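Below sits a lone chain in structure tokens, taken as the form predicted on its own.
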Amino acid sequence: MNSKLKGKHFLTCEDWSKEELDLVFETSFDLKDKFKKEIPTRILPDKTLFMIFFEQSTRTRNSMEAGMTQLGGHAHDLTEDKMQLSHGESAKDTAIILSRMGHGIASRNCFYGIGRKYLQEMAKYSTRPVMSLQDDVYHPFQGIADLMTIFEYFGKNTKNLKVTISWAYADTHSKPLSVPQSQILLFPRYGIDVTVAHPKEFPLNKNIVNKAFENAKVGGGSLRFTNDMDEAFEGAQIVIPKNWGGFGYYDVDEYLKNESECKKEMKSNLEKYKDWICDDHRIKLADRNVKLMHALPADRGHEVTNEIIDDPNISIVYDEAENRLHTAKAIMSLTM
């Protein structure tokens, strides 16, 4: 594929113009159509992608690896124990070496105050495109898959579409801020009216929020916040109930210095809000044709009830998950 985006890093959608993102969506829809028709798309024959995972993954790992296979290339699935990372090898050295051996590097590193910096360091020294598979600030692949799904159900003119992103209770682990932050940055650029609901102890990063307000002004969308989940659901056409940790409540340096104490406080705060769940009561507050989205895995019975997430008239989470494949293939095709 002859692309003007070849070699461009994909660390956040913020680094990509709307025109560039429109090309991503155009390519994603084309690749999805060809996938459905079983038309081969060997756009990256014999090319190699190195994937470095510091955390577990289902959709991200498989969308990238399957995507590379379908594009005619190969993906190396790397983890800390398979590399010299466990012995302290730097991001710089890793990036220089891998970019000389292959054609792209993708990494997931969600450690708070660390992940984003690690990916930026790799991008600084890599001669090949570096792609963020999620860090502590951004999850760009999830953001574009979400927006592609919205286009499928609501059309590409999303002006004044009402989307609610709500914190929800979960007891599995302290999830990164990166998914909701990527959504509030991206959606308003396409004219979407976004409402964010969260308890006061679980805010998003202030700098990200400020940038999201700027994006809304330019893109014609809007952004508002509330500490009332019911209020946020009223009239919403799309609801995205998802847990995220209370990292935004702390300064990064404060958190890294007192990580153990901060985690204890987050856990204590978490237990106050077990009633923050997407259930039949709340879904009835939304638009009669409301759709449910979620990046998955959902903490069933905590973030959302089985009744709602398994309702085929409401839930579009599996379409959303499938679109991780097609958008991943689009990014790789355009940059590698």
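The shown structure was predicted, so the numbers you read here are calculated from the model rather than taken from an experiment. Numbers follow the displayed sequence, beginning with 1.
What follows is about the form predicted together with a small molecule, which we do not show.
Not displayed here, the small molecule is approached by T58 to within 4.5 Å at the level of heavy atoms in the predicted bound form.
Among heavy atoms of V304, none comes within 4.5 Å of the small molecule in the predicted bound form. A residue is said to contact a partner when one of its heavy atoms sits within 4.5 Å of a partner heavy atom; S166 fails this definition for the small molecule in the predicted bound form, lying far away. Shown alone here, A295 lies within 4.5 Å of the small molecule in the predicted bound form, counting heavy atoms only.
Residue heavy atoms within 4.5 Å of the small molecule in the predicted bound form occur in exactly one stretch of 212 to 220, 195 to 203, 150 to 158, 137 to 145, and that stretch is 137 to 145.
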